[in-house]
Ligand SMILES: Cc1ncc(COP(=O)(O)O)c(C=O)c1O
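Okay, here we've got a single chain as structure tokens, the form predicted alone, with questions on binding and movement later.
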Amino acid sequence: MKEIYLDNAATTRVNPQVAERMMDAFSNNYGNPSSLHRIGMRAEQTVKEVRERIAKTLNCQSEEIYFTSGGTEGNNMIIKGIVENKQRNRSRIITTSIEHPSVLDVFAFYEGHHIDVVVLGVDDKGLIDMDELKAAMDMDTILVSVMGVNNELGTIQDLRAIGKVIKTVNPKCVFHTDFVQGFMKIPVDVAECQLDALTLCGHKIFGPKGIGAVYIKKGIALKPLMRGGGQEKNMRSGTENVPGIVGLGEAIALRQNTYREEITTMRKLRERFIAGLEATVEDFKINGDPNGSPYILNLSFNRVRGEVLLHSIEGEGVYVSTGSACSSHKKEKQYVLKAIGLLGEYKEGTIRISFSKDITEGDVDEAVAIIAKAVAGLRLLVKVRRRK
């Protein structure tokens, strides 16, 4: 059975060239970058080259890039690092209601710890209100964290406009974005957006799991989460994951000259998917901003349970999700849908489609046909059960 993998926002398949470079690093570039001998210095040079490659994509300095184990650690590192380093007795931190759990849970942790926690609402597209942000800002605000591309809806926040609001009200406030779903998919310039910190990871762009990085603007003071040998300029102690860093660097190299063109291809696939559904399925909604990330499509089908639909089409070789994989074990799994005002049976019938360069038009047509058939069958089953 052919597999049509449409859960790329959860993770992507590692590119064979990435895996090959990593295997070489495991076998040949195995030195500890902190070692002073030639083998260690070779590993250190490799780490330096990847750091420079990331910095170039973000338009920052290489010394402003720090390697992590992924998005969750990166978000914790920045948010906790800023808060724990605060100089005021009472400070304010601001985020949005549709952030990743690795942001929202950290903000929730600080409620009641002499920290004024503000969570901004969003409209039905998942966009924040600039006036609400401006009203929430004050001179005690030490951090604003806004996700660049939402992992469930694909909504793209206007980071440039947000940065302008933040820095106009309080130039000293740190502006952070979780850019895990946007890195090497949506262009970003940290200088133009007035960003002080950014989080990224490798496994969303055909790189390995367990590797990520953060950008932290020079001069921003954070308390480190991990102490020890002083690696990453004392910001993240522990021997660097050289094979993972190599994999991340190779994944970036393979995309850096093509991802801008890929955006157009993904948008066409997304539009084709929507047109196919509109021609074959009734009573469904498209959630989020139509002008959001072309890689993500969030759909809600009335009179169908999303999890049942997921397993139904899985049997036909189509793989999707019902939302963020990182929220699947939490009590409130659908907090993003609640935040945009989606209620009732539509909310229960939601699935997320996420595209990649490996998906063809034929894959889209086949997936649409399988979903349409499954929706019709499940609705008929519900109708029969209600009659009984």
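So that there is no doubt, residue numbering starts at 1 and follows the sequence shown. This structure is a prediction, so every number in the text was calculated from the model and none was measured.
Here the subject shifts to the form predicted together with the named molecule, a form of this protein not shown in this document.
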item: Every residue of M77, P224 and R236 near the named molecule in the model of the complex, heavy atom within 4.5 Å; value: no
item: In the model of the complex, segment of 269-277, 224-232, 128-136, 203-211 with a heavy atom within 4.5 Å of the named molecule; value: 203-211
item: Contacting member of V180, L299, L104, L195, with respect to the named molecule in the model of the complex [4.5 Å, heavy atom]; value: V180
item: Position in contact with the named molecule when the complex is considered in the model of the complex, options G288, G71, P243, G306, heavy atoms within 4.5 Å; value: G71
item: 4.5 Å heavy atom contact, T155 and the named molecule in the model of the complex; value: no
item: Contact of M147 with the named molecule in the model of the complex (heavy atom, 4.5 Å); value: yes
item: Heavy atom of K185 within 4.5 Å of the named molecule in the model of the complex; value: no
item: Partner contact for H100 in the model of the complex: the named molecule, 4.5 angstroms, heavy atom; value: yes
item: Stretch 112-133: residues contacting the named molecule in the model of the complex, 4.5 Å heavy atom cut-off; value: none
